[in-house]
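The form predicted on its own is given below as one chain in structure tokens.
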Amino acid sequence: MNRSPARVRIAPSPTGDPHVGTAYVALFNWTHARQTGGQFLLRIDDTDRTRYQAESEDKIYRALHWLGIDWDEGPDKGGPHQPYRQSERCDLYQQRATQMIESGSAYRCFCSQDRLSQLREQQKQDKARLGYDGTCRDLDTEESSARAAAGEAHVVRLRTPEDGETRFTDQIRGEIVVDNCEIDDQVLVKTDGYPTYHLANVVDDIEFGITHVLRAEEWLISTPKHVLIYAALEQPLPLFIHVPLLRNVDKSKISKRKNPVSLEWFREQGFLREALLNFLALMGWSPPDEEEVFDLQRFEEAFRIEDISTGAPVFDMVKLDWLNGMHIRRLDPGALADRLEQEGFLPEGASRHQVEQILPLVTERMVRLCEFTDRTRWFFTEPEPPAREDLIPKKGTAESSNEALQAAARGLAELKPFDKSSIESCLNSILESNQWKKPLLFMPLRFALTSRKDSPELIDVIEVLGQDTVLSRLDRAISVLAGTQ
């Protein structure tokens, strides 16, 4: 494929929370632009005014910035082709629609919504192909202009050729041929004067000099209409690349009913940007070395548009969790502490020194950043007292547990220095001198200090908690066994 500088874009609609599919398509566009020394544009497609949400645009910016995907031109940055919001470009779309009407490649349609609804119902009953029946295609030009000038409600439709074929090439799927009789007379301008996606998309891609239209596979069916609009406006086609749709486990198109899709959700759950981008890259592409864990720099070095898959990738949350855990373990404690702090996952009262001490003890089991607080809260604040039964091992008694905790308290109180080596020697000495099996000492000790069954290695826990805290919690647990707590 031609490696000359590419101008590419994404064009999300501000109709809700930013979608993971936006990040997926943005990743491939952004990477191709960076590889070729080109430009990556952000355009806001806000012509669907019934679903428009003002706050959604800012959410899109925040989500993409969080992922580390930046753009060269856009509504917030400006550029040589501003404005970059479609709602601010309606005059241009009207001009192009008028141009198409005058050339005969589009026409005004005055059919009411009631008539169109009745037509659709009749077509369903007759099991006929759904679509506009062309009632207004052959209206006299003067009559059409006069009715529009008089203020009669109308839309503008594409005049699709009644015979022949429309052809275009998808760079990863090859030549696509569609019979023109299968292409409907698409609405280009709505009754409110706003363009539909089809007209605005093509006009803007022409005006912005877009060289590669890299978008989701769901737009493949619309591309023949776009090809006809390019031809009507006498403009060359860009290169088309349609990446496979993200799928639920049941192979249906990914949707919030079956899968999380909001980029804000992934951030709030503690997914690392590196892991999410790594995962999204694997949804449409396979690394040549088959190494599944990689960073953005490695992806940029290896990615080629022609290697994009045409399969149906499954958005597998189990795999994403695995990848996130792998990327968590790639970060050193300082860098990981930074992320926890930036994303708001540090427990209240936690000091930076404590966090960096504790991270090596818990990262092997961490899958998401949000787990850090739950896994480590008891390090920073005293947990609820352990249940009495939890302090008694399976083959032990309240008396044996009390004896074990008393022995541990006496031994640990005398330690100087209070470090891993001396703690380990102390506990081993207690086991040997009493001829106890490890669970009789370690199980009540673990519950006494953490009030939980799962925790990092006990020796590490004791060292990090520190002598004073350990002795205080042992004293509390002894009181629980005695029934005085």
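So that there is no doubt, residue numbering starts at 1 and follows the sequence shown. Only a predicted model underlies this, so the values are computations on that prediction, with no experimental measurement involved.
Although it is not shown, the form predicted together with glutamic acid is what the next lines describe.
Identify, from the list Leu474, Val20, Val461, Ala11, the residue with a heavy atom within 4.5 Å of glutamic acid in the model of the complex.
So the residue touching glutamic acid in the model of the complex, by this definition, is Ala11.
Trp219, Phe110, Tyr194, Phe380: which sits within 4.5 Å of glutamic acid in the model of the complex by any heavy atom?
Partner contact (heavy atom, 4.5 Å) among the options: Trp219.
Among 174-182, 76-84, 126-134, 211-219, which stretch sits within 4.5 Å of glutamic acid in the model of the complex, heavy atoms only?
Selected stretch: 211-219.
Under a 4.5 Å heavy atom criterion, is Gln186 part of the interface with glutamic acid in the model of the complex?
Looking in the model of the complex, residue contacts with glutamic acid do not include Gln186, since no heavy atom lies within 4.5 Å.
With the partner left out here, check for me: in the model of the complex, does some heavy atom of Ser144 sit within 4.5 Å of glutamic acid?
No, Ser144 is distant from the partner.
Would you please decide whether Thr376 lies within 4.5 angstroms of glutamic acid in the model of the complex, comparing each non-hydrogen atom pair?
Contact check for Thr376: no, nothing within 4.5 Å of glutamic acid in the model of the complex.
Contact with glutamic acid in the model of the complex for Glu57, defined as at least one heavy atom pair within 4.5 Å: yes or no?
Glu57 lies outside the contact set for glutamic acid.
Does anything in 39-55 come within 4.5 Å of glutamic acid in the model of the complex by heavy atoms, and if so which residues, in order?
Contacts from 39-55: just Asp45.
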